[in-house]
Each structure stands twice: as C-alpha cells, then as structure tokens.
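Shown here is one chain on its own, the form predicted on its own, set out as structure tokens.
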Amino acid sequence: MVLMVSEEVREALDAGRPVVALESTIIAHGLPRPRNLQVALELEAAVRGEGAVPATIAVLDGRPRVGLDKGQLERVANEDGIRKLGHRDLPLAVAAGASGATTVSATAHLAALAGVRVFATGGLGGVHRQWTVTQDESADLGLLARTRITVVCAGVKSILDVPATLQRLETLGVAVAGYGTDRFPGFYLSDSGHPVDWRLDTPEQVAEVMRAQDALGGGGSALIVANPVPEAEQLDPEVHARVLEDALRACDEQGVTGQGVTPFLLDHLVRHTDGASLSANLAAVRGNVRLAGRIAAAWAGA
C-alpha cells in the first residue's frame, strides 16, 4: 500500500473516534504565504475544538498522506513546486515521486480509501458556464458519484453554472441536502437562488442519512451537506454580481480556457472586491469545518 495514514488518524479510526478529512489545495494554491499556513493550523484546531481528529490530505514525495504533522503542513504551505492534484493525477504523482496538494476529488478518494467518512471543504467544482460549447465539467462530480463520503461544503463555486451542476448531481445520483436551509448556498453567497429538495437541521440527522445510505446499499455515492455562509459574512450580492460579470467578460476577452478559467475568475474576484470574496470564502470554510466535526462526532456515536 502506498497510502500513509498518520498514527493519530489511524488510532482514531481504529477506536471509532470522529475524524474529518481536509483538503490541501487551499493551503498550497488558495492563499498567500504565510496566511496559508496560519489558516491550515486554524482549521485543524477548529476540528479538534469539535472533538474530532483532523486529517489533512496531501501527496509528499509520491506518498499519499492522510493526516499531516506540522512539518508536513509547512512543506505544503511553503515549498515551491507543489502540484495541484485531482484524483486522476494520483497514480502519476505516486509513480513520479511528486508532491502535490489534493483537490476535492483527490481528497475524497484518499479519505474514503483510508476509511474517513466526513470531509470538509469550501465549495465544490461543477459544470462550467457555456458547458454546451466547452464541455467543461469538474472531475469532482463523477468522483462523488462513486465514493461513499459525506462532504460538507458551501455549495458549488458561484462562478459556475449552478442549476446545471445541480441537475448533473441529480443525474449522477448524488444526494444533496441543505443544512438549516431550503436553498442551495452559493459559496460566497448564502443563497445561490436555487432550492434544494431536502433539508437537514442537526448533525444527528446527517448521521442518520449516512446510516441509511449504508443500509440501502446500491453502490457508493456521496452525501453533499450544503452549509451556507452566514448572511453577515457573505459577499455583498450586488458586488458579487457586478464583479463576476466583469470577470467573465475579461476571461472571454483574454481567451482563458480549460483549467485556467477557475483560478482566473477567483483571482479576479479577490482583486476586484478588495479581498471581500476571500473573507467570505474563509468564513464558509471555517463554518464547514466546524459542522463537519459535529457530524463526524454524531456519526462516531451512532
């Protein structure tokens, strides 16, 4: 086995104690230094504050790791040349002895492989705008359709085609529930403008759905718990709409395509909202991590 599970995470899993998986892309590629390391440590502390063990996931020197120590977190945060790895990149990174930060798809895959059931992130990838022309869809969706994991997120990134993403999740058979809301959150925004069919209001209710998934069988697929950023901490909706429209226009004018679209748009939002979009992003991640800790505790206590 190439998978390396930290002693703390392995002991927690063996004892049936709560564990929460965390991605590492936000550390390596989502935040500037040294704030990225500060946020990584803060998120792990938030998981511990809910009585769970954090399992930050990355690939270091070709070894997928579930649970990082402080030195390994520092490597992800500060080392130049850390790649961005989706689940398709994992065998290539392992064979090449490469180091990389894991996206949602790679994190979910490795977490499930290690036996971690709950995963917290910011926002999922999804169907890109103008999909009928570009055929651009995040690998997150297909991976979640075949991976039994509970993902706590603030919806999908608002730069995407949200209704098309929700339709695609339905087609793929991925369960989606709003947490404390009947509306699907919009990452930076509390409400994307679209409803959800199901609502869950407590960690215990989420754990009950997880148990029902296992009892019903029928193949592995994820449960998405869509947890909105608090209204007081969301990006101003009018600013969001204006800046996003400008970002999409700039993206088209500069001919940005493929994997370059998402980072281009997110960077544009950060720069043209004076960092307000980044603040909303971090507020969403913090809330998701805390909720994931409570869900993991309810699941472990089942």
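Source: prediction; values computed, not measured. Numbering starts at 1 and follows the sequence shown.
Although not depicted, the form predicted together with a small molecule is the subject of the following passage.
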With a 4.5 Å heavy atom cut-off to the small molecule in the predicted bound form, the contacting stretch among 45 to 53, 270 to 278, 232 to 240, 22 to 30 is 22 to 30
Is R117 close enough to the small molecule in the predicted bound form to count, meaning some heavy atom within 4.5 Å? no
Under a 4.5 Å heavy atom criterion, is V104 part of the interface with the small molecule in the predicted bound form? yes
If you check in the predicted bound form, is R146 within 4.5 Å of the small molecule, heavy atoms only? no
Do T121 and the small molecule share at least one heavy atom pair within 4.5 Å in the predicted bound form? yes
Only one of C251, L244, A40, L266 has a non-hydrogen atom within 4.5 angstroms of the small molecule in the predicted bound form; which is it? L266
Of S190, S158, S138, S99, the only residue with a heavy atom within 4.5 Å of the small molecule in the predicted bound form is S138
